[in-house]
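Just one chain is shown here, as structure tokens, and it is the form predicted alone.
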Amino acid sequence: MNTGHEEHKLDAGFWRATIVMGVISALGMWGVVVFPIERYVPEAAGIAVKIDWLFKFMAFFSVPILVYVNGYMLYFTVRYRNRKGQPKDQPGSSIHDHKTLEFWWTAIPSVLMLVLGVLSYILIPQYYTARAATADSVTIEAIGHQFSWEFRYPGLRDPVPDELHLPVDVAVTIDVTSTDVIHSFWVPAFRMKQDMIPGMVVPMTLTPTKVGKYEIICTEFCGVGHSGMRDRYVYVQSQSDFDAWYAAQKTKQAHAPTEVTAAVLASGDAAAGQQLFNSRCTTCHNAAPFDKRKVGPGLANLFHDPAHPKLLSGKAPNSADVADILEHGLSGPMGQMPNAQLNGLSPKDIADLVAYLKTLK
């Protein structure tokens, strides 16, 4: 039992180890300061610069904590290991109940946590909560589906699937939500990530500052097709390029059919359908025989499969009934196939997909 100040005296080896860890910490902290995060993950939004600064603040002070905590554990393990001939209850370090040490290793992390909490309290409301939006902010809806994204723009009749287009240097509020399960909307270049929760709308406000193409990632496991949600992008464009894209979308949607009619089915483009199939359908289906299933069955030879003369809907495999499944979805023993709205499919998309499926042998 320690009873006096002398019992707390640390030997020279302890101080040498402390100095070595101090040097390692200093080098690590210097590395944090000079490390160019933006060289590896672009800062494409104004808030990203502030979030990177906060990250560096945490990393800067985490380095000495990491080095000293693990360094002392290693030092004391080696320094006071049981040696041959020593009793099992040989006393180790005499710093137990050292009030000065206990004060500082409690006070320093507490102060750091308090400062970090205050900085986070100041920063987070700048991009979360409805108060972050300004009168000039453009509002866009981002909706997560199994296994795709959907973006709704003011003035566009139909949602835009899997591509988010934003004008540079314009404040945008993105209202994120989900229609089925929990997803998580993350754009690393914006440094912003938010869970998409069914029945809940959460606003995120940012100003894109750098023209470019940046990946959208779902960071919440949302089902067996979760990995299929990769390779979706945000396109930050100049105002003129964004206006041109928006006008083209508006024109395209104005001329697009609104119903799946026989005439629309007859106009299906197999090449466009293949491209659509590869981007939207391969998460759940293979272009292979029925038994080569993922979530749903393989779709090769769908219209002429003697082993499966009927669709899972129980209907004949003709263009109209295949289109009916694509349009209205299907629930069955293999699970649930989302309808056209959830899959972001227009009547023309359905016609193109049917045309492509007819080519699969």
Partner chain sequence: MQAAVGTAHVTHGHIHPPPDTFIKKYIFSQDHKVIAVQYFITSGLFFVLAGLLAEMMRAQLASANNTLLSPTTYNEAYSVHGSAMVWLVIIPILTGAFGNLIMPLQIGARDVAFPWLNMFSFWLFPPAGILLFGSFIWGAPEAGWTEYPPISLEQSFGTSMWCMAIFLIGVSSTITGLNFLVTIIKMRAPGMTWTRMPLFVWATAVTAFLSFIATANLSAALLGLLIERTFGVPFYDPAKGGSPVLWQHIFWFYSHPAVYIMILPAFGIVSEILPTFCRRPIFGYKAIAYSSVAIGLLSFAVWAHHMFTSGLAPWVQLPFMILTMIVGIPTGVKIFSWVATLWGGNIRLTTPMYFVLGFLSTFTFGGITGIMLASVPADVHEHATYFVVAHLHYVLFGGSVFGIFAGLYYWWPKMTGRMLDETLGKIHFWLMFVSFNATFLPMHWIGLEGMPRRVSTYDPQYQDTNLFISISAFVLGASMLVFAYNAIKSTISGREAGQNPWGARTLEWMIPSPPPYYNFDDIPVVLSGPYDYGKPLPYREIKADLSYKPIV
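Here, rigid core means the biggest group of C-alpha atoms that superpose within 1.5 Å across both forms. Positions refer to the first chain, counted from 1. Owing to the predicted nature of the structure, the values given are computational and were not obtained by experimental measurement.
Not on display, but discussed next: the form predicted together with the partner chain.
- Ala254 falls outside the set of residues with a heavy atom inside 4.5 Å of the partner chain in the predicted bound form.
- Although the partner is absent from this view, Leu54 contacts the partner chain in the predicted bound form, with a non-hydrogen atom inside 4.5 angstroms.
- Contact annotation for Trp30: none of its heavy atoms lies within 4.5 Å of the partner chain in the predicted bound form.
- When the partner chain is considered in the predicted bound form, Thr219 lines it closely, a heavy atom lying within 4.5 Å.
- With the partner removed from view, the residue among Val49, Ala320, Val69, Ala316 that has a non-hydrogen atom within 4.5 Å of the partner chain in the predicted bound form turns out to be Val69.
- Proximity to the partner chain in the predicted bound form, defined as a heavy atom within 4.5 Å, singles out one entry of Asp269, Asp241, Asp175, Glu102, which is Glu102.
- Checking 261 to 269, 210 to 218, 287 to 295, 153 to 161 against the partner chain in the predicted bound form, the stretch whose residues place heavy atoms within 4.5 Å of it is 210 to 218.
- Contact annotation for 60 to 79: residues with any non-hydrogen atom within 4.5 angstroms of the partner chain in the predicted bound form are Ser62, Ile65, Leu66, Val69, Asn70, Tyr72, Met73, Phe76, Thr77, listed in sequence order.
- Positional change of Val67 between the shown form and the other one reaches 2 Å or more at the C-alpha, relative to the superposed core.
- Ala247 is not among the residues whose C-alpha shifts by 2 Å or more between the shown form and the other one once the rigid core is aligned; its shift stays under 2 Å.
- Comparing the forms between the shown form and the other one, the C-alpha position of Tyr233 differs by less than 2 angstroms, with the core used for superposition.
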